[in-house]
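Heads up, the chain below is alone and in the form predicted on its own; it's given as structure tokens.
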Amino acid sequence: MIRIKNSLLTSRHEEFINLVDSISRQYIDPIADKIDRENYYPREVMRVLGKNGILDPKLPIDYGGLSFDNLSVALSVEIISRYSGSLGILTEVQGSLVAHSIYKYGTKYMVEEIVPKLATGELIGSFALTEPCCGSDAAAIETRAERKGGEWVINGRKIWITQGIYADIYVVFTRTGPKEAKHKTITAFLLRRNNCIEATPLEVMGIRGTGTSELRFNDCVVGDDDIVGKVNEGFKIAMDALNIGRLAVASVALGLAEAAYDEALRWVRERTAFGNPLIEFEWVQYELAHMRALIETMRAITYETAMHFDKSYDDYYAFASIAKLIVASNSVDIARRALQLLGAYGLSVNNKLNRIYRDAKLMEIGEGTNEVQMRVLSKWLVKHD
């Protein structure tokens, strides 16, 4: 595996890298193919990661984290994704989306009782935002929460929801006012698994084993104590979580690219053609050099973005979009280049690169498509340049 070196890393980061890699090698690597092949959800591994503070290392120690920074989040997701993109995404959703949102915006009860259980993997969480009507346009969601007496009644559908099949709790974004008001009438609720939630599994080409599903909410009754944040301020919560999520998705893409490079390097060292090892051909050397140059560039923007979060720079959200756009796109390209070096063997469904290629493609779509990132960046440029 490529050794991680960067001027932003401290000795504590390096110790953390070794911890995550050791756990990933022991618990994730042996089942990575099974996760993909059988669409297997690795709940026990989630518990192992949680017990070691890895699901959300930036949470305080008392809440199940390691009192670390956003760079540690990027590092953990990157390393895990070298072994399994699916577990990289599961870690991102559990920590960067669900635990982060509840810890930052939830009630005292939610923070003290639910967040530690999410951090340790005792509870599985799901972030229910996307709907059949609207993925990129999150302000257009149609799932409604209507006030009836002293309660709220939720009805609607969500789709492409990671961990939806296995979740114990859901952060659900709803419409609590006229749809014409768009982002101004969206409220987040915390729902516990019960019979009013119907979860249907969805088959996806990559990032398998993540419990991706469609959710239907049928007269789900919740109270004011179940509101995450404040009424009609849910859109802010969603965007805050997605910004952190974009950093994490860039980290997944970086880890996948590193894994693809390692597979290609191993192959060209062992494979011969026309009487010589492939690595002795100049064009192969140049291809590897190109891939490695891209990886180190991807690493630089990902870690720099984490630093912008940690130092509360006002352009953190723009850098999150830059990182996701650049790293996700190049991850797909590196996986393609690596697969090409393997030739027909790369096309085998049993080849690790086949899985990496499919997983990498989803990084260009999840947590905002490439096009959404360019939309965010164009608005930022107009405002600041």
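We number the residues from 1 along the sequence you see. Note that the structure is a prediction, hence the values are computed from the model and not measured.
Beyond what is shown, the protein has a form predicted together with a small molecule; the following relates to that form.
K.L.:
What is the one choice in G135, P277, P201, G177 with a heavy atom within 4.5 Å of the small molecule in the predicted bound form?
P.N.:
Contact with the small molecule in the predicted bound form is made by G135 alone.
K.L.:
In the predicted bound form, which of the listed residues (S101, S72, T162, T302) lies with a heavy atom within 4.5 Å of the small molecule?
P.N.:
The residue from S101, S72, T162, T302 that makes the contact is T162.
K.L.:
For the three residues G88, A257 and S329, which mark the spot I'm curious about, does each lie within 4.5 Å of the small molecule in the predicted bound form through at least one heavy atom?
P.N.:
Per the other structure, none of G88, A257 and S329 touch the small molecule.
K.L.:
Pick from 75-83, 277-285, 154-162, 232-240: which stretch has a heavy atom within 4.5 Å of the small molecule in the predicted bound form?
P.N.:
In short, 154-162.
K.L.:
Answer with yes or no whether T187 is in contact with the small molecule in the predicted bound form, where contact means some heavy atom within 4.5 Å.
P.N.:
Answer no; every heavy atom of T187 is more than 4.5 Å from the small molecule in the predicted bound form.
K.L.:
May I ask you to check whether A253 falls inside a 4.5 Å heavy atom distance of the small molecule in the predicted bound form?
P.N.:
No.
K.L.:
Spell out, yes or no, whether the shortest heavy atom distance between T369 and the small molecule in the predicted bound form is within 4.5 Å.
P.N.:
Output for T369 is yes: heavy atoms within 4.5 Å of the small molecule.
K.L.:
Within 4.5 Å, heavy atoms only: does R375 come near the small molecule in the predicted bound form?
P.N.:
R375 belongs to the contact set for the small molecule.
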